[in-house]
Ligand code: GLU
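Just the one chain here, the form predicted alone, laid out as structure tokens.
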Amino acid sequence: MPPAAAPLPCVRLLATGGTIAGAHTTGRGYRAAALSIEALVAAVPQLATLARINVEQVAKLGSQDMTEAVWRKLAARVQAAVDDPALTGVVITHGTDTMEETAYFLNLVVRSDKPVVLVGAMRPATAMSADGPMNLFNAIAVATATAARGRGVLVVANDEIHFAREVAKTNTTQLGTFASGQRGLAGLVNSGRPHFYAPPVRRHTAASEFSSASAPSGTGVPPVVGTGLTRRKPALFPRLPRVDLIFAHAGMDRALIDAAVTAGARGLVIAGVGDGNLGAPALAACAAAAKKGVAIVRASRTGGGVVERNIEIDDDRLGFIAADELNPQKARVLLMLGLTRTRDPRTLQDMFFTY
């Protein structure tokens, strides 16, 4: 009698909506998050060859509507999943517009070495030659791969595997919209066969000072329907301080900076020109805000390169923070989390060199 086959790994699939769950309306238009996660799984029966999958609909929205409240809920559900010894990994369906921000946030707050993989699509599920089914298949394959452990949160799309810290959306419509320009890909995945390259170089997930240990399993918390798995009581993630992102441009004055400070921003990320530069009126406004205790991060709108300290702007004297390699939207994520720990510019700067 042949030996029994080993059971397939178990993966939690958390859904938030996005184009991957989109359906056409009229003409070229479509509505994001129109389909349930159950419908997406049913459309890819080959998933059953990779893993046992249990699903949970955390949100149903286009990622242009992603909010801090959904981030906190999603982080709690991810943490509960990776704390479950019955689960091998987590896959999250998500819209592509803000996927890089959600991925980086989770990369900093989830405490686990287990694979956490975000996946989306550039074409809705009802489109001719939709990319979602293969992306989802590949994401499940990556989440079950032993080699994916310890690499932080990953993004899978278009047969590529990206690190959360490096990935950026670079095109409005093309399937190959995601790129990891400076440090390169985490790997490739070919029809469910992952190939990994170098590991990440900055701190993340289990080593992050921002990650929260999950709360213990509570009584009265129902199991995930149809799986026999315990639904763990989610950790409580703290609310994040307001941080605004302002895009620099020729002829910029101080109006937007002053307005953000008046609105209660505890931090500002300036998507500066070139090496995070900004003109004299805006610079004066940032300096005044920094004296009031508002954290000022200089990032770059260019899409590549490193924002260095003290090149054309005296960061030491003004109390500014250089974004280092992070693009403006990820600098905002890190600054929000950093401000839950400290308001000291030098300590915040060290965080940008660490994460």
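Residue positions are given as counts along the sequence shown, with the first one as 1. These figures come from a predicted structure and were not determined experimentally.
Here the subject shifts to the form predicted together with glutamic acid (GLU), a form of this protein not shown in this document.
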| item | value |
| --- | --- |
| Partner-contacting position among 53, 37, 32, 59 - heavy atom within 4.5 Å of glutamic acid (GLU) in the predicted complex | 32 |
| Residue among 270, 78, 103, 121 with a heavy atom within 4.5 Å of glutamic acid (GLU) in the predicted complex | 121 |
| Interface stretch in the predicted complex with glutamic acid (GLU) - options 190-198, 158-166, 273-281, 95-103, non-hydrogen atom within 4.5 Å | 95-103 |
| Residue 63: touches glutamic acid (GLU) in the predicted complex, heavy atom cutoff 4.5 angstroms | yes |
| 4.5 Å heavy atom contact, residue 338 and glutamic acid (GLU) in the predicted complex | no |
